[in-house]
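Only one chain is shown below, in structure tokens, and it's the form predicted alone.
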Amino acid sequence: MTAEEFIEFVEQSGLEKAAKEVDVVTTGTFGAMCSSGAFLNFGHSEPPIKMVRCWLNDVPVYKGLAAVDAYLGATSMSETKPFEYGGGHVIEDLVSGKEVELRAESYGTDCYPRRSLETTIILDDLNQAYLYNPRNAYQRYNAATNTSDHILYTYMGTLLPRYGNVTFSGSGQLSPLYKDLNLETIGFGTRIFLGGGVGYVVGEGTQHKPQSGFATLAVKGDLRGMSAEYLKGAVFHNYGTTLYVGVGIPIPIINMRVAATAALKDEDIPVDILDYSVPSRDRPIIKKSNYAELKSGKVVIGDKEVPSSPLSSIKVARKIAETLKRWIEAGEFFIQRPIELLPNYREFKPLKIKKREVTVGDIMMPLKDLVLAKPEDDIKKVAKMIIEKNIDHVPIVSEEGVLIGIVTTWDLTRALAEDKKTLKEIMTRYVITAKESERVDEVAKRMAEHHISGLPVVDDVMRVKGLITSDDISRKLVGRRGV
């Protein structure tokens, strides 16, 4: 049975009866899996070459291997058509039987004298061409939304401002790894459906964290047996390229525990909706949801209905589960007992930045050097102070020193021309700010996004602590690096 058929059978007949009568449950998922790629062996030319740099259809191929071995990563982007075509597209083209341009360079050696070559290849020209994906098929995923006031372009797709949408990945109740939640049947050597052909699990995937429901797989399979229907190059607008990969795993119902997890439904599978506007690896959870709500097409956040849309194809995932079921029934696919099960616990370590990074506090103009003003202050008086101090930005604060607005030299020039009298008539009340602890590159990006040249630096209660400008970044940071 497919996983969805098994769920219905359990609802009709009960878990115990289903566990006794069903041997295998088939699963499927089809989504963007960036940690994918292919090892290729081109064979030797005459005279031979030690390829040091290599491209396929202008997509750089990793060449830190032997002379004519290479690894083509799905996210490697074309040098002539970046953000339009990448390694995932090359893999799809090879599997489709299309001709691909191969270009290589070398420094020449005594045994590999050739220094360059240009030719075309098809998949059948290669000695070996196998998909090797370090991380596929997350057990479950987080979903994404955006609380900021500008569009975000991410690996979770385009996220519209102010809760404009929610995107999610994975196939929920068809998810291969979630159907064997405790990893009792999947491991090294498990035979699987991979890219339309037969592949194998070759170990835990990178970032494997099963204790939190984020187990992953490393998988491998021969490209020659695969289909472009289940290997699709793709572009995430303004983010980059990737490869959609079809993965299906047969889950033998070996005991009641496996039967119970194979029977889990979309509403049983939790999904955290994270705020991707926070540039951190620890993004805040906006809401705890599940696949049933996400697949309904809308999510309620607060009092707002937010449209939700999948980045994975549920239709293709169902087709994978059906195909795998048909293969097993026809005797074309045999269940392979794993040599070694996947670990069910793995510490997940963050990358520690051990070198101190420059923060806003290091280069900002301190409070003692700022000109602060009150909303009722006279415009001509403030304009005079700006000239004396040779500055462009004046934060407007309350009696308690809390930021409530900002004016710039441009605002004052216009105000004088229009005969305005006080700052409260002209000040910008919605102020973009920075914190002393923030990295300077994050703040520079914020300035560029909002087309502004200076940000007040505030504490947690919006009291002004300083000011950082694009000029500070240019003079103090870039100058410090000697660029």
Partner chain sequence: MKVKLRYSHEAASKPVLAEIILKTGLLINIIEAKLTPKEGEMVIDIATQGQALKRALEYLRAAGLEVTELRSLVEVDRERCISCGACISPCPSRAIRFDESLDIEIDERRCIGCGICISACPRKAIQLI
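All values derive from a computational prediction rather than experimental measurement. Residue numbers count along the first chain shown, from 1.
This next part talks about the form predicted together with its partner chain, which is not shown.
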query: Non-hydrogen atom within 4.5 angstroms of its partner chain in the predicted bound form for each of Ser36, Tyr130 and Ser227; finding: no
query: Options 212-220, 346-354, 307-315, 326-334; stretch whose heavy atom lies within 4.5 Å of its partner chain in the predicted bound form; finding: 307-315
query: Heavy atom of Tyr71 within 4.5 Å of its partner chain in the predicted bound form; finding: no
query: 4.5 Å heavy atom contact, Gly233 to its partner chain in the predicted bound form; finding: yes
query: Thr158: touches its partner chain in the predicted bound form, heavy atom cutoff 4.5 angstroms; finding: yes
query: Non-hydrogen atom contact Tyr153 with its partner chain in the predicted bound form at 4.5 angstroms; finding: yes
query: Contact residue in the predicted bound form, from Arg115, His237, Lys81, Lys374 (heavy atom within 4.5 Å of its partner chain); finding: His237
query: Residue (of Thr185, Gln139, Thr167, Gln173) lying close to its partner chain in the predicted bound form, criterion heavy atoms within 4.5 Å; finding: Thr167
